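Okay, so here's just one chain, in structure tokens, the form predicted on its own.
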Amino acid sequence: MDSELIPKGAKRCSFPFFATGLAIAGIVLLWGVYAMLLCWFKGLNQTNMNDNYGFALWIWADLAVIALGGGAFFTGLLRYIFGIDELKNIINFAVVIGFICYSSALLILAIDVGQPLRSWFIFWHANVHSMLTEVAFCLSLYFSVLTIEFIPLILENRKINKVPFFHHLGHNMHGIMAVFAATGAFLSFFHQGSLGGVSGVLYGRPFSFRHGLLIWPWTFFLFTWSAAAYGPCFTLLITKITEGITGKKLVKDNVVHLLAKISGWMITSYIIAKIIDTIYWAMVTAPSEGFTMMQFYSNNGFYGIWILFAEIVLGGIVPAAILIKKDWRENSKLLLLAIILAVIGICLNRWVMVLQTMAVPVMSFDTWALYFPSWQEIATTILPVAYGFILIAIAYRYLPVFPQEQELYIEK
């Protein structure tokens, strides 16, 4: 029965081996669910958040997975709107990853709200003066778009596709996918930007406060651009990990190198803008509020100046240089190094915009407010990782996620 569900011509491991892998991930998943239920039934006193850290590990995880999931909207934009046909061989996987990232983001927010039964208040009693209201609307709507983009892939399962209704539904949905890609790009632009805007308007938190254009701080545009730039690197990284676990080549090198090249130039343009923003902030914005740049970097080891170097140089300039230079990009080891550094770089950016923003003393009598998450916070942050592993494993086994898989297997 299981073999009838596997894509035609594809080779998969035995079902007992597959089920064992799911069981191991399921144990981690249940650990996270247990911690989540503790937070829901006992309240946010299960966390180590306090008056200094109203935004903490969960919000970092939320911003990070949303940025990493940016590969879905940007790859969809390139494939369906700009007509880069080669990306059809990786767009399915980008959608799966985006679906996982955005559903994980919504799950994290549901835990962070503390009273998930009242989460509908966001929509019914919307605070129209808050950027987080716009984030909630766009995030929910874009997740709906990703779900619609995921449905045709599910309908291509061999067993489901035999049903005429589902066959025609999937075919017709493919035909109008450009509309959803454009809608998704539009929604992503605003919610990615508004997440950055939340940091940029925190006047009382001068580490993240920025000037900007009209009502939008510079962080609005930097968050959107960084998600489009770094998101494809996460797609490529998960693709490489999947190839390593399965022992198969799943996407041809020309597709990988093309997406890596586009990402490289996007990272280059972003990191130039980021450097300009940082210099302006250090020389103009911070001094105008009575601070020097080095007051935002401590000697406690957690938030030393090294973290700025790691974000901009190791997580920005180095991967950008590797990805835009053809010889380096086509070296498999350097390519892997570049996409790993890029993923770390964007996660580090979101980390400092959330955690370092909260840690920096803003009053003369303040000290650095360091924080370590509770095990419940850690477990619920790892929960989406286990969930993502399970969903990718199921999608890879039963859905035609990689159109070139059979062709590459024959060539081998």
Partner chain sequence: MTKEQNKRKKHVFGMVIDLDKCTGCGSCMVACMSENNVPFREDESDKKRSITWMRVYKLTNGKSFPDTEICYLPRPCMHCGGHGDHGHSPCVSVCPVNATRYGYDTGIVSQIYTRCFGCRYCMAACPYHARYFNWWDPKWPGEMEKYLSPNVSPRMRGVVEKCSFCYQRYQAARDKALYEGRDEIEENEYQTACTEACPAGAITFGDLNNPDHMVYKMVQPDPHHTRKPLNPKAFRLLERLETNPKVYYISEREWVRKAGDNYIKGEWEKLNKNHGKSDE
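Owing to the predicted nature of the structure, the values given are computational and were not obtained by experimental measurement. Positions refer to the first chain, counted from 1.
There is another form of this protein, the form predicted together with its partner chain, and it is not shown here; the text below is about that form.
This chain appears without its partner; in the predicted complex, the one residue of T268, S144, S119, N331 with a heavy atom within 4.5 Å of its partner chain is S119.
Screening W216, F291, F302, F180 for any heavy atom within 4.5 Å of its partner chain in the predicted complex leaves a single hit, F291. Contact here is defined as any heavy atom lying within 4.5 Å of its partner chain in the predicted complex, and by that definition not a single one of S103, N161 and N172 is a contact residue. Looking at 22-30, 360-368, 339-347, 60-68, the stretch with residues near its partner chain in the predicted complex, meaning non-hydrogen atoms within 4.5 angstroms, turns out to be 360-368. Taking non-hydrogen atoms only, A185 never approaches its partner chain to within 4.5 angstroms in the predicted complex.
Taking the partner from elsewhere, A379 is found to have every heavy atom lying beyond 4.5 Å of its partner chain in the predicted complex. Proximity of M49 to its partner chain in the predicted complex: non-hydrogen atoms within 4.5 Å are present.
When contacts are judged by a 4.5 Å heavy atom cut-off, Y203 counts as touching its partner chain in the predicted complex. Applying a 4.5 Å heavy atom cutoff to its partner chain in the predicted complex picks out W40, F41 from 19-41, in order along the sequence.
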